[in-house]
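To begin, one chain is listed below as structure tokens, in the form predicted on its own.
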């Protein structure tokens, strides 16, 4: 019995140690390539005049697709914000996905809409369209509103794609705040890259506690809510250190559902958004990449490190847990759907590096960490822990985690410097010390729970409510809300 415990302890210690080394090595690898990409992007953009794109006859046309479900409190301001984007050739398509409130009536009244006869090119499947509206006022000539039966976010986007008439598709969450020059920055790779660009995405930031006026973010503040602050640090690390590196390697697997610009032709040839997953954003990018490989077409998926989109984050652990549950489900569904990519040399970086990394480090790593914690507790209860080794390992991982977050904050400050207050930067650095022992264990728990819920067939994990953005209010996002802004995906499930 004693020999068995000793053998198990040695195997456990070795497995944890080498797993930790592999994870840290992967983060160092991504950090290095992210720094290279960040430096190259800032050098290339230091002399860019985006007004040239604004007036260029070669700039591609863009259809902006924004699904909306029960958004009556903010829908008018949201559309006003989208209409203020700096670009010359675009249309705005708001898809009212079977809202049960007065979202459609608010739009009709505010923008003088009337139902029109409209020829829809039915290339993608979606729930029936009840009507298409355009404005009698020429000032809103770019605006199209689709009223359809509820089918979820993917279904709504497919309806918008069928109605759209432009070359590129900007798919956004209607309740996000998009920077006015975001479209110019997202379009730029389509004009300058040698390979065909099939998708571009940009930084998504946390808008909690920021000041918003008329649908525009006018001043950035660090969230007052500690849960939102954890997410600020998490987003900076994920976007500036993770996606920057994968963009450099042309191995990016995900464009955020909050805002992404896609090649319409490729989207349609791939069959549009899938109804079979709650991770429709990641699944579409993987399917588009597969299509390009299958047809021997050279391509790129490009990430833009500029802060382009601001979104509200959950302000309590219950809602945050539901969000992470949904993310975990989406990851599982996408990885399973495209499981034949695993170490498949036919798909080069996609099959040999991106997919395995996402499988082992984005999906499997939290499960292994959870198993490691449970095993540690069991061994400790039997007095079979090598405490000296455990302390060394914990110190190594904890210190590395702090270092990684500190580098991410440094990237932020050396690049776009959104948090100008020295106190805000100090708060982020202090968070780096407590995140590994407070917030990270929760993300492990949510990931494991998402896996259990997925494999046990649990489909309803609760709604996600948001306060929403209201003009001329400050710190509004830190208060509780009675407005239910359930995401379309959750509604359909």
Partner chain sequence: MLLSVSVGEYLKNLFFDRLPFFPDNIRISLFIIMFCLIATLEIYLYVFLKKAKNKRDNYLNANWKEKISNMLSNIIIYGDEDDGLENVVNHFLPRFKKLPLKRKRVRNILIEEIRIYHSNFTGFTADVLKELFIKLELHKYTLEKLKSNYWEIQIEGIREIAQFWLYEYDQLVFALTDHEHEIVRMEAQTAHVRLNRDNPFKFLDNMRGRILPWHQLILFEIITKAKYVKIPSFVQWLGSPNDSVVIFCLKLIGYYQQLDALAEIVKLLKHPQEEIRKMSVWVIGKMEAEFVEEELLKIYPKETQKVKIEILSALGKISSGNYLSFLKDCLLTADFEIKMGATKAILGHGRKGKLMLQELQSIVPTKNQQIIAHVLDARI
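Residue numbers count along the first chain shown, from 1. Note that the structure is predicted; figures quoted are calculated from it, not measured.
Absent from the display: the form predicted in complex with the partner chain. The rest refers to it.
Tell me the stretch among 214-222, 370-378, 409-417, 173-181 that has any heavy atom within 4.5 angstroms of the partner chain in the predicted complex. Residues of 409-417 come within 4.5 Å of the partner.
Taking 105, 296 and 362 as a possible spot, do all three reach the partner chain in the predicted complex with a heavy atom inside 4.5 Å? No.
With the partner left out of view, is residue 452 within 4.5 angstroms of the partner chain in the predicted complex by any non-hydrogen atom? Contact check for residue 452: no, nothing within 4.5 Å of the partner chain in the predicted complex.
Could you confirm whether residue 324 comes within 4.5 Å of the partner chain in the predicted complex, counting heavy atoms only? Taking the distances in the predicted complex, the answer for residue 324 is no, it never comes within 4.5 Å of the partner chain.
Test of understanding: in the predicted complex, would residue 55 fall inside 4.5 Å of the partner chain by heavy atoms? Within the cut-off, so yes.
Is there a non-hydrogen atom of residue 134 within 4.5 angstroms of a non-hydrogen atom of the partner chain in the predicted complex? Judged by the heavy-atom cut-off of 4.5 Å, residue 134 is in contact with the partner chain in the predicted complex.
Out of 235, 357, 291, 400, which one falls within 4.5 Å of the partner chain in the predicted complex, going by heavy atoms? Spelling it out, the residue with a heavy atom inside the cut-off is 400.
Please pick, from 139, 348, 84, 121, the one residue with any non-hydrogen atom lying within 4.5 angstroms of the partner chain in the predicted complex. Only one option qualifies, and that one is 121.
Heavy atom within 4.5 Å of the partner chain in the predicted complex: which residues of 367-392 qualify? If the 4.5 Å heavy-atom criterion is applied to the partner chain in the predicted complex, 367-392 yields 388, 389, 392.
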